[in-house]
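Encoded as structure tokens, the following chain is the form predicted on its own, with no partner shown.
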Amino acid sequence: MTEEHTPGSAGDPTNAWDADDYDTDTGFVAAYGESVVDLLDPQPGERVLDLGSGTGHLTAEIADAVGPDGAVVGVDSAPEMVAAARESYPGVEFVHADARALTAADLPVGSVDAVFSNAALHWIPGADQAAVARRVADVLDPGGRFVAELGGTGNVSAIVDATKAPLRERGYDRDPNWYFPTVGEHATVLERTGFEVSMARLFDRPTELDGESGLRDWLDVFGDSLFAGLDEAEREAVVSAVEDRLRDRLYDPGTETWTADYRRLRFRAVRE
């Protein structure tokens, strides 16, 4: 995605994904995603799709929960993520596909009882969210559930604003292509595509980025849409300026930890 892909990316073509950097620098994605797995509550024997499965850690956790009588398949649009997931978890099925065009025929398990997604949907443009919801509805059995978490409105706004300012100073007018909706915006998308939303909430989740390099590591993994077209020297200058702008607000020198201003939107919906 793959931020919480994620984790990984369910369908974003603009961010270059390095599976090793993703696991090394953003391990919090899978760690926080465990509570989304709890909300999914996978049961023995169920068939589950992990949409935007990234390097596969949560997919494997779900596979353990459904057991040998169930089936889990992870889907990601980034071939690097799929390759890494297959290497780490050879006993789990992973498929390279775009969430906007997914069908049950793409899945080795066919239709499923539940769809799970963590930190992936926000990599898909808002204009395509209805297409994703329709694809999810099509692969779900009637009464199947869709459980997910994505970035919500205001997510990482301090980081984005601090990055856009030095970009503008250098003649670049950039907006990241992330989708961070309100509860109402995303619930409307789901309801218009045949889902009943049983739970949706927006909440702050300050997220620690370990080490002095934590913020620049985060920008390196997730910031390609902001830095597209900049040469290495320009990118380094902008990142240094971002660190300077945010150091007093987001950095604790005592623990050498940056804290990103995350806001998350979590929902549970049922296909009617």
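One-based numbering along the sequence shown. In this text the structure is predicted, and so the values were computed from the model without any measurement.
There is another form of this protein, the form predicted in complex with a small molecule, and it is not shown here; the text below is about that form.
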Practice item. Sort through A137, V156, L202, A71 and report the residue having a heavy atom within 4.5 Å of the small molecule in the predicted complex. Key: V156
Check your understanding: Going by a heavy atom distance of 4.5 Å, is A78 a contact of the small molecule in the predicted complex?
Key -> no
Check your understanding: Does the 4.5 Å heavy atom contact test between W178 and the small molecule in the predicted complex come out positive?
Key -> yes
Exercise for review: Considering only heavy atoms, tell me if Y262 and the small molecule come within 4.5 Å of each other in the predicted complex.
Suggested key: yes
Exercise for review: Find out whether any non-hydrogen atom of F227 is located within 4.5 angstroms of the small molecule in the predicted complex, and reply yes or no.
Suggested key: no
Review point. The small molecule isn't shown here, but in the predicted complex, which of 82-90, 114-122, 191-199, 96-104 has heavy atoms within 4.5 Å of it?
Key: 114-122
